[in-house]
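Taking the form predicted alone, here's one chain by itself in C-alpha cells.
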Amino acid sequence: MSVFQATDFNHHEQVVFVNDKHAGLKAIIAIHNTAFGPALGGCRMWDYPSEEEGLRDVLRLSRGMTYKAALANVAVGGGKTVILGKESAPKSAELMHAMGRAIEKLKGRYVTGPDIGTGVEDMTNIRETTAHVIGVDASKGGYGDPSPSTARGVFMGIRAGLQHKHGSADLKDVKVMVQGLGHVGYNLCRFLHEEGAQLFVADVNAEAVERAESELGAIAVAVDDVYSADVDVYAPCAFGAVINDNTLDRFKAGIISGGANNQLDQDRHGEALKELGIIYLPDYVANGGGLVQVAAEWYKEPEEIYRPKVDAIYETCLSILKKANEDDISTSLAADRIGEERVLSAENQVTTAS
C-alpha cells in the first residue's frame, strides 16, 4: 500500500498505521495540517472492504477537517482516525486504551473525538490513556455530544441556500428530505420542524423513521427513492459519495446541505451540480458546527462564546455562494479556494515566525 502515491494524499504531514495485537486494534491516523493548531478530528470505526478503502477515507476526511477548521475560524488543524473493524461490534475499554496510547505517542499533534462507530463512552475510555481527546462525558469535564451543533450548522447552511435562491431564509412549508436519522440527522429534523418545514425522512433503521413520523410529523420515504424525492432541499446526513454519476440526474431538490462528510464522490461532481443549477453548500462548511464545539471544548471556551460561531456558518455559506457567483465557479471550488488561502496564510505565518 503506497501512501504517497494514493489519489487522496494531499501534502499530509503525517500518516500513522497503528497495530496492537493484544487489544486487537488496527487503525490509521492521518494528520493533514497543523498550521492553525493541533490537528483535530474524530475517531471513526468502520468495516472497510479493504485497508486501501480505510486509507482513502482517512486521507479525505483529514484534509476536509483542515478546510473545515479554516472556514469555521477555529484554532485547530485537520486530522482523522479510522479503526478498521465493525462499527456495531463491542468496543472494549482495552481497545480504546490502546487507541489512546497511540495518540499519546504523537505528543499533542493530534486530538481525537467521537465519530461514526464511536461515542462519548469510547472517548471517556481513550481519556484514560491520553489527554488529547474531546467529546468525553460531561461528568469528566467534557462538553458531551457535538451532534446538535453539527446539525445547527447544517440548518444554517439550508437557510443560507434559501436566502440565496429565494431572497428569504424562511423555512415554513419548505420541503426537506433528510437522509439518515442518526444524532445529526434527527437533531436537524428538530430544528427544521420548529421552523415549520415539511419533513421527508429515510433511514435503514425503521424505528428511527417511525419516531420521526410520530414526534415530528415526518413523511417516510423509501431509502432507494431519496435522491428523486420531489422536495426543495436534500440533506444527506448518513454517508459520503451520495452525489455521484448514478444520482446526479435524479435530484429534484434545488438546494443540498447536509451533515455527511465527503458528499461529492469526485470533485467534478461539484461542477456538475453547478451546471444543473443546484445550490450545493459544501459539506465541510455546513457541518462545521460540531468542530466548533469540540474545538471550544479543547480550549475551554464556554457556550456563550462558541454558540455564535456555529450560527456564523450562515454568513460563511452566503460568502461562498457569493464568491461562486462572482467567479463563475462551483461552490465546492469556491470553498476550497477560501480554505486554501487561509491555510496558506497560516503556513506562511508559521514559517516567518520560525
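Think of the rigid core as the biggest set of C-alphas that the two forms share within 1.5 Å after superposition. Quick note: we count residues from 1 along the sequence shown, nothing fancier. Here the structure is a predicted model, which is why all the values come from computation and not from measurement.
Beyond what is shown, the protein has a form predicted together with a small molecule; the following relates to that form.
Stretch-level contact check against the small molecule in the predicted complex with heavy atoms at 4.5 Å: of 77 to 85, 249 to 257, 235 to 243, 210 to 218, the positive one is 235 to 243. Under a 4.5 angstroms non-hydrogen atom cutoff, the small molecule in the predicted complex has residue 223 among its neighbouring residues. The shortest heavy atom separation between residue 118 and the small molecule in the predicted complex exceeds 4.5 Å.
In the predicted complex, the small molecule lies within 4.5 Å of some heavy atom of residue 182. Residue contact with the small molecule in the predicted complex: residue 131 places no heavy atom within 4.5 Å of it. This chain is displayed alone, yet in the predicted complex one of 282, 146, 113, 161 has a heavy atom within 4.5 Å of the small molecule; that residue is 146.
Scanning 95, 202, 174, 273 against the small molecule in the predicted complex with a 4.5 Å heavy atom cut-off leaves one residue, 202. In the core-superposed comparison between the shown form and the other one, the C-alpha atom of residue 115 has shifted by at least 2 angstroms. Once the cores line up, the CA of residue 309 ends up less than 2 angstroms apart between the shown form and the other one.
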